[in-house]
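Next up: just one chain, as structure tokens, the form predicted on its own.
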Amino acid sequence: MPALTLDPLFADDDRRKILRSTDFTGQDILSVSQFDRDGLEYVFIRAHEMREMVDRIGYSNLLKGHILTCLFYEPSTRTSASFIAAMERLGGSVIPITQGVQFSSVSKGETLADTIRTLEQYSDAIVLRHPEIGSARIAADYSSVPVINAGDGAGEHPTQALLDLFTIQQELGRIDGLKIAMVGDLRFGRTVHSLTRLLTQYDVSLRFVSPEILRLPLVLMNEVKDAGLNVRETHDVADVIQNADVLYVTRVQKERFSDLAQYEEVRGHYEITAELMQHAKERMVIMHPLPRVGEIHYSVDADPRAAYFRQVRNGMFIRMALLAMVLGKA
């Protein structure tokens, strides 16, 4: 498997400001490292307002006249659809470059910088998914409009982490004091990386469950330990199922493996079944960033603790909030 580097996105970049205030206008959203707890709480308040608005009247003209470009170099269902729905719920318009990027000028050798410089001419904000770590930061360096990172390879997926944290808060009423277990591909899972970084700001206990070759990257594990959190690694879901308040499950990502024999070795390593859930707490939640490929059985879907589709809907509210905020309409 390729080497994985996860240097903090803002370690040597003084130009990026930490979002410690409620003024997100014109800001890029590139990493969860931008958010402190006050900033997170502000995002969640705005997202809750968006949910109330959608439930009550369905849409708003808050972003009427604004245009969002969704530029996805990797496949996406939920994230792309969520951003499109978020923009349209707020009355804005979308340029969706979410399929067939290979048929665009990229196929002619156009660089990411030139693509961004072109698309900013039409857009008030750009959402980018790209297979290379650090691509969102590069895009932001060349863009005069806000860039939102929708996933950069095995690096980060900040908006997913925000909706995950929001879901935990909404489902259980708190974050501090919880026992959170992350299961599956912890090495390449960018959703795990971003959520873990956010959780270092809270008083939580973390349990990481994975095969040896998919363990959490050492640099991230050191961040967790430096934050003083109670943390433990294990290979067995049975070690965590009884005490977990949150079971965050991820798929093993075939596309991140250069050696398919290694993928076959760990594929299907963990399966969450209705029988396994009999050992879990009555009040807890099962989460998954989706798509799933067998790691959570369909028999679990009817369990009221299964929050992954509510998690999907929360993503729209978080992204509505973020779009309004970076476009100065919060």
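For every residue, the number given is its place in the sequence shown, counted from 1. Bear in mind the structure is a predicted one, so any value in this text is a computation, not a measurement.
Same protein, other form: the form predicted in complex with a small molecule, not shown, and the subject of what follows.
Colleague: At 4.5 Å between heavy atoms, is Arg251 in contact with the small molecule in the model of the complex?
Modeller: Yes, contact at 4.5 Å.
Colleague: Can you work out whether Gln160 and the small molecule are in contact in the model of the complex, taking contact to mean some heavy atom pair no more than 4.5 Å apart?
Modeller: So Gln160 counts as contacting the small molecule.
Colleague: Report yes if any heavy atom of Leu290 sits within 4.5 Å of a heavy atom of the small molecule in the model of the complex; otherwise report no.
Modeller: Because a heavy atom of Leu290 falls inside 4.5 Å of the small molecule in the model of the complex, the answer is yes.
Colleague: Does any part of His130 reach within 4.5 Å of the small molecule in the model of the complex? Heavy atoms only, please.
Modeller: His130 lies outside the contact set for the small molecule.
Colleague: Quick one: from Ser135, Thr191, Ser143, Ser123, grab the residue that has a heavy atom within 4.5 Å of the small molecule in the model of the complex.
Modeller: That would be Thr191.
Colleague: Counting any non-hydrogen atom inside 4.5 Å, which residue from Arg78, Arg215, His235, Lys179 sits next to the small molecule in the model of the complex?
Modeller: Of the candidates Arg78, Arg215, His235, Lys179, Arg78 is the one lying within 4.5 Å of the small molecule in the model of the complex.
Colleague: Based on heavy atom distances of at most 4.5 Å to the small molecule in the model of the complex, which listed stretch, 290-298, 44-52, 30-38, 270-278, is the contact stretch?
Modeller: Comparing against the small molecule in the model of the complex, the contact stretch is 290-298.
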